[in-house]
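So this first bit is one chain, no partners, the form predicted alone, shown in structure tokens.
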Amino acid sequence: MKFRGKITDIACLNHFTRVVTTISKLTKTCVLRLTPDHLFFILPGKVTNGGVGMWCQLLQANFFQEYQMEGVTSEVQEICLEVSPEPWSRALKTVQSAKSVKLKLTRKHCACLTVAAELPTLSSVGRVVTHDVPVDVIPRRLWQEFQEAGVPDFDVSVYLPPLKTMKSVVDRMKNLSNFLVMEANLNGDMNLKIQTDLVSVTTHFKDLGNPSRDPEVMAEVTVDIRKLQQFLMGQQVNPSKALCNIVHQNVVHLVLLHEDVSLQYFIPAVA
């Protein structure tokens, strides 16, 4: 079981760091699944039990100039690790000026994802900075939990408004209520609503567009506003498209799409 990747392109390093930093804002721990062609960051949340879920997929060739991995067996070319993305993000942020960065699965005092950066220097002597991020190797018997979640049959699918605008609205609403109602229809209308004994506030977004059922029917779901705020605060992927799918009174499925990255985030309805 081996993994080694090398990034020599500064734009690729910056982009990969933004992805890891985004993941670190969404969860304290997650599963890193490595295959010959892809990296997956997975939070296998039990949405039916009130937990959030996440699935982020990266094509390794778009980030790594060198990439080698050997799975648990010659027939099973996969590795699953439990990682803490926050220290990994910190390590990557400190080496943004590096000539090259190597990521390697190593065994020190425990299994580690080692970040080794070759830094620029004025002398002929190279300077390498190393960060060891502890990980746990997940046994194969648990891997069935880390498959991509089946996407339910949504009642409404609509593009999101600009995420910075949406974040500003949600930040203000969070001061008034712990819960928020999201509703949308296929006409491209979306409403964010809070209602308490003292106040009722609704923000309307129009003409958002949709990817296409009865355009007038509104689907809505009430979610924990902190979970939505966490998603909006953590976003550093700079998506070309952002999508909101709603199963009426059940779940919100948020999708960020970039040419190199796709990130799915599931927020369940509050009971």
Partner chain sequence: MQCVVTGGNVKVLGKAVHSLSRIGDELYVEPQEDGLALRSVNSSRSAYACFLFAPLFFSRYAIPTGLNFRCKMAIKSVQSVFKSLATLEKTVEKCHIGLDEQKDRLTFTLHCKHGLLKTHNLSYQDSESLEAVFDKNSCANVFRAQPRVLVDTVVHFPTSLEEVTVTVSDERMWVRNHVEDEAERSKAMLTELCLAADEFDYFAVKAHYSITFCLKEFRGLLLFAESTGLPVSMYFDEPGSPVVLSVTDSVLEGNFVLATLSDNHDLQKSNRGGDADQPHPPDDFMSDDMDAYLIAMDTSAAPGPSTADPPPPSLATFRKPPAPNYRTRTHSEEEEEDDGEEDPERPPDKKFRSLFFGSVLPPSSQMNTQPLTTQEVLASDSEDETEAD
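Positions refer to the first chain, counted from 1. What you see is a predicted model, and the numbers here were worked out from it, not measured in a lab. Basically, rigid core = biggest C-alpha set you can superpose within 1.5 Å across the two forms.
There is another form of the same protein, the form predicted together with its partner chain; it is not shown, and what comes next is about it.
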item	value
Answer option from Met166, Val95, Met190, Ile194, heavy atom within 4.5 Å of its partner chain in the model of the complex	Val95
Region of this chain that lies against its partner chain in the model of the complex, out of 179-187, 102-110, 196-204, 158-166 [heavy atom, 4.5 Å]	102-110
Close approach of Ala117 to its partner chain in the model of the complex, 4.5 Å, heavy atom	yes
Contact test in the model of the complex: Arg172 vs its partner chain, heavy atoms, 4.5 Å	no
Contact flag, Glu148 vs its partner chain in the model of the complex, heavy atom cut 4.5 Å	no
4.5 Å heavy atom contact, Ile138 and its partner chain in the model of the complex	yes
Core-superposed C-alpha of Ser123 shifting 2 Å or more between this form and the one not shown	yes
